[in-house]
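As structure tokens, one chain now follows by itself in the form predicted alone.
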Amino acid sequence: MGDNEFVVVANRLPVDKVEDHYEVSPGGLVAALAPVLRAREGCWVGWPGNIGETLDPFEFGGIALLPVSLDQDDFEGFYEGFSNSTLWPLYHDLIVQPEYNQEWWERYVAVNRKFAEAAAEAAAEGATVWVQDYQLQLVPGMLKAIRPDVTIGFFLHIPFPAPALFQQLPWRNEILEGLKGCDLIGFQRHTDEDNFRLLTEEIRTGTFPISIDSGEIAVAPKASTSRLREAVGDPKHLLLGVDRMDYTKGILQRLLALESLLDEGKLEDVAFVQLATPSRERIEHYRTTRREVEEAIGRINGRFGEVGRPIVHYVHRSIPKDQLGTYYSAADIMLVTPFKDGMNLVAKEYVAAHPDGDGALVLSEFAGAAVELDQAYLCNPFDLESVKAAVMDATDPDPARMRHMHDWVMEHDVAAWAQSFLEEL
């Protein structure tokens, strides 16, 4: 280590241990950065995902990996606590109430220091270090203090809240000081950048909407999509949701909209597939979200399903990336209805799978993706009638809208995103 001209620092390494071997992790961040790192022969600093595990540096898929060890207290205080029970709800406009806990904050500081020291160890003289996301907002300041020779970029993948909300945070000044170690901070939307600039203008900022690896989502063969449609009863309208099981994603709202449309008799011969990846299962708000979603699915199937033909087909586990393409290609309507989302790459993946202009995207206006994918059927997830209207409009879609979005996503892919940020840095 110490000879890497380019270093990515993220909460997680881009691999998961499956029994006795490693596999590439699912998720937008890994999909976005792995190709860039491979091309630059760089190093990725992150936690390997197992509590208490200490690993030596290793290589996977052409990328040098430097693991950072977290113990149980780190995981509970830094990850579940400050990152996901304080910052996540605060930055997502208080959809649930953030908790402000001094011990969590101290653990956040300690873990950020671990990451900063690991990055300092990995980076060559004058290297470029790209720090990722809300879990590591103190790393830039700490790293700059240890290694003033390196150039530091930071990218926030989630929204940045309005100043009135951010100022609730008891450690707001410390977070801003940490970010002042950056040479450039990137945001998903101009709104997020503007919110940040109202708090400080000392740091260079820019808006760089993240995207997908355009070559990764292939159009599925007709035979595969036909088999999937047959498996769910070959409906006239196949609806799809693909999300982490998270209270920000608005999964319950789309189910309630579907239930209401069925109740009113406006939507017939329909099946809805909801793929929901387990997420932060030990945190109470996430458990509540899962319970409410599963209750709604049971109620809809009980009211409107038939034996052997439920309305909602629900999978609560990770689906391999190569299978996702079949779901995207088969679905007539994709429902992406978050209350708040930094970007939402699922929306872009669905669009990528429809080069011929078939299919329709129902998209929350509060997803970062709505800025670029403005030809989608936009809705307000806080307004059930708005979601219902968007779904009904999407049952008779205009192919020109999808073709326009497809061309945009193909041109503005993840390579273009990374290149634009790194050139600016």
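Bear in mind the structure is a predicted one, so any value in this text is a computation, not a measurement. All residue numbers are counted from 1 along the displayed sequence.
Another form exists, predicted together with GDP-alpha-D-glucose (GDG); not displayed. Remarks below refer to it.
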| note | The listed residue (Q188, Q253, T205, Q137) that reaches within 4.5 Å of GDP-alpha-D-glucose (GDG) in the model of the complex by any heavy atom is Q188
| message | Going by heavy atom distances of 4.5 angstroms or less, which of A118, L324, I311, L239 would be at the interface with GDP-alpha-D-glucose (GDG) in the model of the complex? | response | L324
| query | Would H157 show up as a contact with GDP-alpha-D-glucose (GDG) in the model of the complex if we use heavy atoms at 4.5 Å? | reply | yes
| query | Taking 4.5 angstroms as the cut-off for heavy atoms, does E349 touch GDP-alpha-D-glucose (GDG) in the model of the complex? | reply | yes
| task | Consider R244 of the chain shown here, and say whether it contacts GDP-alpha-D-glucose (GDG) in the model of the complex, taking contact as heavy atoms within 4.5 Å. | result | yes
| At the 4.5 Å heavy atom threshold, is T225 in contact with GDP-alpha-D-glucose (GDG) in the model of the complex? | no
| request: From the candidate stretches 340-348, 109-117, 167-175, 292-300, select the single one in contact with GDP-alpha-D-glucose (GDG) in the model of the complex, where contact means a heavy atom within 4.5 Å. | output: 340-348
| query | Heavy atom within 4.5 Å of GDP-alpha-D-glucose (GDG) in the model of the complex: which residues of 298-330 qualify? | reply | R317, S318, I319, P320, K321, L324, Y328
